[in-house]
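A single chain comes next, written as structure tokens; it is the form predicted on its own.
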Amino acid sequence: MRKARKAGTTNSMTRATDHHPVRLRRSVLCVPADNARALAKIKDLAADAVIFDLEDAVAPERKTEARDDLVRHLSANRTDGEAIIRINVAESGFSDADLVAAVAVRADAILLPKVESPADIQGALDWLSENDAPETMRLWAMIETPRGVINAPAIAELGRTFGGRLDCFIVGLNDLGKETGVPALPGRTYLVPWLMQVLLAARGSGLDVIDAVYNDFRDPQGFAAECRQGRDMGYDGKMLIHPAQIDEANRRFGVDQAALDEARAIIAAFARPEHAEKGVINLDGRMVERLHLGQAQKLAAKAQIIEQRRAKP
């Protein structure tokens, strides 16, 4: 991928729809593309999405071999969840070949590492357009540097253009901590402001947003606590480094039954003929707006996806 040119203005872009398909992203497992044993196990895992990592997890001398192995694997094996390929940065010299591979296997999404400005997104969008990538192929962005956090609103806004390919952020706290010197203390005290800053930017442009990894997969209590925190902050799911973390992430970021019952009540109320033209209605003594209807519909759609997966043999 060539060095991204400076992003243009919004007026020169094709405006995308604000309504992307609802996707389940409670558990996003990262797997090194050169780990054959890990690749073979994916089909038996309950992760909502899998990131096949060609970047940090693969040594430079193994990049080409890992890419070739991944193409063979994805050409023969796909699961119900999303398949995302994390490519290398443009300066590495590997990114063009990574992109070609991602298009060849029709990955669901490409994860761009160390995104710091709208130009990084636009460069990928230009490449995909020029190389006839499927319109359904999405872009995800790792926000893992100080500049990435600062520019998150502009990066997210660009995702609403060029057909709206960008639809998800992942926060990378390991790199962010390394670059800032801020430690990952229990409770992430000094990191929470940045987590909320990225979340606000994502939500402002209609993107999903995934919480950072929890590094100690042998600490289930600590992982559960961080999942609760991430969900309370509004995150859609968590990036995982080990299959042992999948079930807990699915549970913590899943659909609460009480919330689902309320969502279905809101949907049913707005479906009544007398409420067809109303923007606000009275539901059991509460004022409910159409924005709540949109939230309810998204929650109900996620619950339906979960039920469909459970019903499969």
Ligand code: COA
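Don't overthink the numbering: it's just position in the shown sequence, from 1. Remember, it's a predicted structure, so these values are computed and weren't measured experimentally.
Just so you know, the form predicted in complex with the named molecule exists too; it's not on screen, but the next bit is about it.
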Okay, which stretch from 272-280, 248-256, 37-45, 64-72 lines the named molecule in the predicted complex, with non-hydrogen atoms inside 4.5 Å?
37-45
Non-hydrogen atom contact residue 288 with the named molecule in the predicted complex at 4.5 angstroms
no
Residue 241: heavy atom within 4.5 Å of the named molecule in the predicted complex?
yes
When the contact criterion is heavy atoms within 4.5 Å, does residue 213 count as touching the named molecule in the predicted complex?
yes
Does residue 217 reach the named molecule in the predicted complex, with heavy atoms at most 4.5 Å apart?
yes
Out of 52-73, which residues reach within 4.5 Å of the named molecule in the predicted complex, heavy atoms considered?
53, 57
